[in-house]
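First, one chain by itself: the form predicted alone, in structure tokens.
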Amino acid sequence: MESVCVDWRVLQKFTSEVFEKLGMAPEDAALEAEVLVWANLSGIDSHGVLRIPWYVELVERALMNPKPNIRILRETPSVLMVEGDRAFGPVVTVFAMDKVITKAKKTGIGWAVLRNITHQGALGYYTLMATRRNAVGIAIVCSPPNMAPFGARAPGVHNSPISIAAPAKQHPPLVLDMATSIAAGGKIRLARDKGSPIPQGWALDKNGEPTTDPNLASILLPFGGPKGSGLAMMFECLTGIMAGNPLQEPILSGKKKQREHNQNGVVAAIDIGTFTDLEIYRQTVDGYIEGVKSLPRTEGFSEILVPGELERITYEKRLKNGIPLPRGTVENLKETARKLNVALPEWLRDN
């Protein structure tokens, strides 16, 4: 059997139990589980529960903090700087996004810089929070170098993702969630779990040579050549350098040799009603979506999809039919459960 199909509720309960075993407060563990399983439901398996063993390792190495002291370092009516104390990404990012949405409702825009956080999962989860309160959401994150800048064969930038979400009226929100690499690093992890090769052009090995072996891939490549790597550089200027916690320049300059997991980010919300009529905005987004989808299709395309649509379709299917997990992911979760003395649920025992 190549994959195991799991009901999302069962998977989310198991995931929450794992994080509680790591010392997280029950409400934080539940949130972390929700964000990871949301990614799986949406078909973003690269940012779902396959990350659990890695998170456990990071906690053991004191690089992720299950009991963080999250605090606001600076604040104005529109902006804030948040110290994450190496919190699990969803815990601190939901906290900050809620704050910036509230600020946007008062001043028109809310902007937060987050420092010393860890892996956030799929960024679309956070930008969708803003759309539910009639705002546009933005999220960006940066980590130490893992991607070769255009023309280089060694890592110098991070494949920093960005998400932007905007509400419609009759249609679901538009949700862009993309890395600046050709493929997100998590897709290479997923290929390892599936035991399948990666496409040519996704990554280089540690020596800077092209590879299709996910077990050898260690350096990601930017999408669009200079466009992807240029965006990645600018995102570090908005996040780590702005936060006074640069993660790329110290390694490139030789000030720091070891690449340890750490992240900085930005979350922002823009209140639509501050700038234009909210209902007209939402109706116009509807019309925009319908106009794009009605365009003549090129050969081989049965439908034109808009940002977030494929994920929403997958979400609805998996909500009803279950989440398929690769055999490699299942085996890794079994090992994690045994390691933490978490009771194996039936779906893990039987597979």
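Numbering starts at 1 and runs along the sequence shown. Here the structure is a predicted model, which is why all the values come from computation and not from measurement.
Not on display, but discussed next: the form predicted in complex with a further copy of the same chain.
If you check a further copy of the same chain in the model of the complex, you find a heavy atom from every one of 157, 285 and 304 within 4.5 Å. Put simply, of 319, 63, 292, 313 only one has a heavy atom within 4.5 Å of a further copy of the same chain in the model of the complex, and it is 292. Just one of 203, 113, 87, 191 comes within 4.5 Å of a further copy of the same chain in the model of the complex, counting any heavy atom, and that one is 113.
In the model of the complex, residue 281 approaches a further copy of the same chain with a heavy atom inside 4.5 Å. Contact between residue 153 and a further copy of the same chain in the model of the complex is found at the 4.5 Å heavy atom cutoff.
The closest heavy atom approach of residue 249 to a further copy of the same chain in the model of the complex falls within 4.5 Å. A residue is said to contact a partner when one of its heavy atoms sits within 4.5 Å of a partner heavy atom; residue 198 fails this definition for a further copy of the same chain in the model of the complex, lying far away. Partner proximity in the model of the complex, defined as non-hydrogen atoms within 4.5 angstroms of a further copy of the same chain, places exactly one of 101-109, 256-264, 88-96, 118-126 at the interface: 101-109. Residues from 69-83 that approach a further copy of the same chain in the model of the complex with a non-hydrogen atom closer than or equal to 4.5 Å are 74, 76, 78, 79, 80, 81, in the order they occur in the chain.
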